[in-house]
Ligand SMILES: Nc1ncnc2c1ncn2[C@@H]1O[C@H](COP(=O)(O)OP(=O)(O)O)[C@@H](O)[C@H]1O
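Just the one chain here, the form predicted on its own, laid out as structure tokens.
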């Protein structure tokens, strides 16, 4: 289980190092095998929350608790085995100068997953099948794969270490509609098969009812609302209504272009 209690992140800016609050007083609970959506406009603090959970930035106040322990009590390696990130740009998961297979094997070596009884094929074959890439040739560089293939391979990379939690940060933003639908279906299947908890970060409210149980809504680093995903569709909060209206306008504009 993951819990954030009144978490804030401040950074120092400018010549005089004035403090700027990026997220302020954020609280939520992500229970085992559940999914939380985090939504808000660009700059609302969504990715900052993810980076704080991952330990990539330090929270200025509040507590981040993973499986009953303060997250800073875990070593970097241990935390990486508990929480993994899949980003909106799948290229960032792979070294452009090596093959995808080499990048995946490097993860196995870092986390000491290979033994005399466990081979590269033993680890990769079931995961590739789970994401629909069982027949793919991994002995190519990342630029030889489509965006959808790379995103699925990024999920394979994350699953190799058997994490408790996966953070999916705008993973659909660079994909076409059909590939998005296929990816969402894959995520839901993996969640059930591997008893995963995940956090899904997005600015598009349309995708969340299909993917998450609860929702955290952010505006300028502050918590607007937190609760069951249905509040996205029923809330009369002005900011949430604005998010809905923006999506409706975007859909209409796309229909006009088509």
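Numbering follows the first chain given and starts at 1. Computed from a predicted structure; not experimentally measured.
Here the subject shifts to the form predicted in complex with the ligand, a form of this protein not shown in this document.
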item	value
Partner proximity in the model of the complex: residue 197 to the ligand, non-hydrogen atom cutoff 4.5 Å	no
Contact of residue 209 with the ligand in the model of the complex (heavy atom, 4.5 Å)	no
is_contact(residue 240, the ligand) in the model of the complex, heavy atom dist at most 4.5 Å	no
4.5 Å heavy atom contact, residue 31 and the ligand in the model of the complex	no
Contact stretch among 63-71, 42-50, 189-197, 223-231 - heavy atom within 4.5 Å of the ligand in the model of the complex	42-50
